[in-house]
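First comes one chain, alone, set out as structure tokens in the form predicted on its own.
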């Protein structure tokens, strides 16, 4: 369905109207956009049947513009707005903390027409001339500009990983490849990556290079040699290929996976042992004693094999030398997912569709957790509808066999720390996820107290996406994670690793800290459609970066142990 596509167009019109200073029209467009992106019906079917205008929140004018877009791919009013408003002003909306009203104000009052001009104006404190602007707001805008600049240098893993996998498949399908893999920070499952690095082994190197440089989305060939290639993709991402001999496959993969600090530490250890470690192998004098596999490289240095996600020089080398590395969890260890939305709130698929998709993944259980009532933007669920859902799930469980469905809620933590549903409602549920979706600008002490009120609530089982950040889109809130993790451990409240690639919150290092403080964790996808359940692999990668084992993660436990944990 094209519902969300059309909604995005309406949101853009609303933003541009706000920049212009229009009073009432922006809200009308946003209201219609929210209705469209939440609808279960196909917007094209409704428009073709002249039924769109009958839906509350969508007037005749917006119905006409929707039909225009569906037919032509354009909306005249949007094209006119784009001509009136400089593109640089529109790009200011990408800055965290800068909304359309701010962008419009600095453009019309100060003549600022792009992000660079805004940065200069902030540094010169010219925004202080504007009503409502103080030093704190200037500082926030400057942080947002710096955040945006860093974000543009890197690609989110949710984009990079599927792209890299597609590239590996294309090359393997076009050339005789013995081994091929992506490497770099992508293989270490970092939240964002810079360039894409690929390694291959083949007896026909020229064919591998040719296959790599002739992929359909290659925009520019920078280098194409016998064993190396560098290309720029249509997306602007740089991708590098090295073709190795079989004897160097493991050492090359280890070297190009990194991290830099990890590799420097390894080379220092090798030197102390009279060895030389490079991308070509481990050498004693002229003799290569290891290099064909990564396992052999680490073994030759007297240590356990270190999984790629752990290679950050954060104690993993010392642990490997002493034989005390954790047995990191894998996708096979995950038995369920607690953070799943349906069309009852802002999900795109029905309860039955989400249950069937979870069962198809081989899970033992799934938790349904639609938004609570005050989150209107996400169609928060009323108490009456939540109780109807409770009865519906109880009926389904009577015929679901060994597969179990749990009813929860993603319950809003209000500004004062109270929860969005009263206790008499929460006690009717199998579990409660608590989360923050508003008032992000609280100071660290106030925000930590707000979150801790939920962590210590008798009916809360999980704290979702604790820092509320969005990868490259929104900075995290200020939160004392040590205090939160300590009290979560004491209370028996799990902290979530949100696997949705736009979030990945907690991060790997944060998850490791939580584990060290004694807290249990869950890995959830925050799914809003059946396709989103596949995001679990991003959460597992993040958990592995946090040194987590199956026993650390609640949804790696069998159902009976899960029930016992939730019933506390």
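Remember, it's a predicted structure, so these values are computed and weren't measured experimentally. Numbering follows the first chain given and starts at 1.
Absent from the display: the form predicted together with a small molecule. The rest refers to it.
In summary, the region of this chain contacting the small molecule in the predicted bound form, judged by heavy atoms within 4.5 Å and restricted to 280-288, 315-323, 487-495, 188-196, corresponds to 188-196. Looking at residue 147, you'd find every heavy atom of it more than 4.5 angstroms from the small molecule in the predicted bound form. Interface membership of residue 204, defined by any non-hydrogen atom within 4.5 Å of the small molecule in the predicted bound form, is ruled out. Taking the partner from the other structure, the small molecule in the predicted bound form has a heavy atom within 4.5 Å of a heavy atom of residue 258.
Remark: residue 469 does not count among the residues lining the small molecule in the predicted bound form, judged by a heavy atom distance of 4.5 Å or less. Scanning 348, 308, 104, 184 against the small molecule in the predicted bound form with a 4.5 Å heavy atom cut-off leaves one residue, 184. For the candidate set 474, 267, 359, 437, a heavy atom within 4.5 Å of the small molecule in the predicted bound form is found for exactly one residue, namely 267.
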